[in-house]
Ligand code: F6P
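Only one chain comes next, encoded as structure tokens, the form predicted on its own.
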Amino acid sequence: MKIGILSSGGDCPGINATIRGVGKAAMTYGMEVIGVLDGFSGLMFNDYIQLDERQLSGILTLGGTILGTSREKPFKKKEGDLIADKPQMIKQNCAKMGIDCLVCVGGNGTQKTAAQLSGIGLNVVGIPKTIDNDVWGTDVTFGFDTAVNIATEAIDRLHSTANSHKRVMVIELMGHHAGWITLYAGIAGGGDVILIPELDYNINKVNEVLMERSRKGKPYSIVVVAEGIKTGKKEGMPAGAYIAEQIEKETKIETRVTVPGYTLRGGSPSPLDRIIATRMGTYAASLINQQDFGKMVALHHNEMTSVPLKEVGGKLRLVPHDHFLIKQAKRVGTFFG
């Protein structure tokens, strides 16, 4: 059996560990492994490399992806497309390359495309990847733990400068729709106010909380904000900048904003993410060996399992309003807007 592996969408710590897990495990089953370059684009242009023990050695700790990535969505037609029927071309090229099963490593968009490819007759196995932790069907995705670690360290460092200057420090973290990174890092970093897309907030109440802290002699505050929160009439203005502007204008407390941005997605994966990536990769190889296709690898209650790809596409795993961490954080005085 010959399998192809690709990574698609945004880069994320742990992709290389996953490629290694899939490839090395597949080889123990006697499979041949190729790496498709630059996501689904590589399938359209027969762009791939042979993967053997040499290519898979030493990549466990590497950030990024040795296969490259792109945001190509073959089922989404764009003006100016030179290829009339991308899905059909991909199907033909998979046959030319001799791919018996395609492993798609990526987030929500990638898993949706994987389900669509499965729908036109390709054998596909998906592996969920995103720092946002918002892929439906799995309790966790690799990349999330690394992002939380980096974000928490950033918040830790803000405490000292905020205290020195008696400021409010606003930190904006990644998460357009899901507030998982902001919730976890905000709690771990001792944020005083945490604002996530899933929960509505009132900026006046946020300001009241910050003023009350000041009146109680607390010289500084940390406000942790997800990039996807609503910004009222200032749509298009970055969330962190909007919140900082509103706080300083109404409270007269000096306020600064920090945006770690893409640093959350870069660098070496944490030990936990290396383990999750390896578990998911090796489990994907076992699914292929059993010819159990059309599935996405998932972690449920720390046990490896799989869910049908057709159930995953188009759904998001968001923070529930009654999540236990929100309840516990409120008990220690954290304000959620």
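One-based numbering along the sequence shown. A quick note: this is a predicted structure, and the numbers were derived from the prediction, not measured.
There is also a form predicted in complex with the named molecule; it is not shown, and the following applies to it.
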TODO: Considering only heavy atoms, tell me if M174 and the named molecule come within 4.5 Å of each other in the model of the complex.
DONE: yes
Open item on the list: Please tell me whether any heavy atom belonging to T130 falls inside 4.5 Å of a heavy atom of the named molecule, as the geometry stands in the model of the complex.
Closed with: yes
Task: Partner contact for R71 in the model of the complex: the named molecule, 4.5 angstroms, heavy atom - done: yes
- [ ] State yes or no: in the model of the complex, is some non-hydrogen atom of E227 no more than 4.5 angstroms from a non-hydrogen atom of the named molecule?
- [x] yes
Open item on the list: Looking at heavy atoms inside 4.5 Å, which stretch does the named molecule contact in the model of the complex, given the options 136-144, 261-269, 200-208, 87-95?
Closed with: 261-269
